[in-house]
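Consider the single chain below, provided in structure tokens and representing the form predicted on its own.
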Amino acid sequence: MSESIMNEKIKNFFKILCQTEWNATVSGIIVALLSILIMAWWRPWGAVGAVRNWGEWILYGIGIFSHKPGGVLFSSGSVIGVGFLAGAFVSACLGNDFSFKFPPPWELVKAVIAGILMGIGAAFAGGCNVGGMYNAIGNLAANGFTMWLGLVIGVILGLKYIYWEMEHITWGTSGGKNIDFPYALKIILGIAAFAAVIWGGYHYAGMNDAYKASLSGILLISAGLGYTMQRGRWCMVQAFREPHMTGDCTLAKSVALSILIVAIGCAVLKYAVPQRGSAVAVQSVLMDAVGDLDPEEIKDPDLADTVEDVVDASEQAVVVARRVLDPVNYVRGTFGWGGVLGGFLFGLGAMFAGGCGTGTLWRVGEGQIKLWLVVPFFGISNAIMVHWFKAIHMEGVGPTHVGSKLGKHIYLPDVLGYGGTIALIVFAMVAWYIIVDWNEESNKLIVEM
């Protein structure tokens, strides 16, 4: 009897972990926590870095680019993409979601257009919906807000186009098919992919090169992100689309909460504090120990220095204030027209694609052929645009993008302080939450067909 109960509990656990669609709010919180974790490990995550690397390899392979790109398995951005895809594939296989889903011909045409628009938009905005908006706001960067505005406009226009397409486009809108596989085979594939990710993490960790060894955490954490987003069907473009299409604000609320959590975590990682054991800490201990003593009464028998001399020396020590994460991370010189235009083009492209940057990747992991076509055109167009922008110094030069033609480089704590920045982000996310919640009942923001 006890064995049957245990078997039932194991089955229920597997069902919750691998088969049931996860709650959107829970998924958003997990995405936020993993986003903070990968920042603490090394760097923020994103989607366009991987896609661009893959596009650069295509361009290099056909002879357009002469410079050999970073290795697919050793470029940190690409490793994030590989891990993300692997995690999404594991989730899709174990959840019985994986199959080859072939769309109608017209959707393939849209996939090409979508990829090009998303690649160009990400170049202007300094990242896709993750690097340019989600992690940009989360990394306390002003440019995240300009892409946010552009995304809203692009998604609304894209929604209007979809309504127009439904009435006027007839060619190539039918004929899609699905090639499925036995669930037992999917389980085997999922377990094999999971084992490959674990092996990859151990393989990286065992390398002598510190950079390559650090890719172990990048791979594993990004796999967790891919698994979570596929399991929760967590797509940011839906957070912008659904409030204006159906009125559903579930994902919009989830994304708002997720951004807020990332921002708080990032503020902790980017805020400069004295490192434990540093000169500051040593000085504090010395001052506490001798504060009530007369320096003339106590001498160090070995060094023959008075306590006062020791205190003076400690005060002259170098003060080491450490940050876990460099403030410049994901702060781009696109706070201006570049961010808005980039967000607009990316949002429009995402509506054509049916998924944002990360939404595209986890849908690739579950076998959606349309998104398989989006990715190379996304990568190629972004690689070309970024290469051109660098050549003409479109975003300026240096880590702070001095002389950017796309907008300003603004790290919000430099302007508002950390408290003011968090207050601004809290206000923005709460306002978004309330507006979409109000719209869910009033339908005032619904775009009519």
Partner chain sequence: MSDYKKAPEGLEVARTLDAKGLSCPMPLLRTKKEIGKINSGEILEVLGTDPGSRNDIPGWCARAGHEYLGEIEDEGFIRFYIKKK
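Residue numbers count along the first chain shown, from 1. Bear in mind the structure is a predicted one, so any value in this text is a computation, not a measurement.
What follows is about the form predicted in complex with the partner chain, which we do not show.
Taking non-hydrogen atoms only, N208 never approaches the partner chain to within 4.5 angstroms in the model of the complex. At a distance threshold of 4.5 angstroms between non-hydrogen atoms, N139 is out of contact with the partner chain in the model of the complex. Among heavy atoms of Q238, some come within 4.5 Å of the partner chain in the model of the complex. Put simply, S222 is far from the partner chain in the model of the complex: not one heavy atom of it is within 4.5 Å. Residues within 4.5 angstroms of the partner chain in the model of the complex, judged by any non-hydrogen atom, belong to 105-113 and to none of the other stretches in 105-113, 125-133, 192-200, 83-91. The single contact residue among P376, G247, G71, P274, judged by any heavy atom lying within 4.5 Å of the partner chain in the model of the complex, is G247. Contacts between stretch 422-446 and the partner chain, counted in the model of the complex as any heavy atom lying within 4.5 Å, involve E440 alone.
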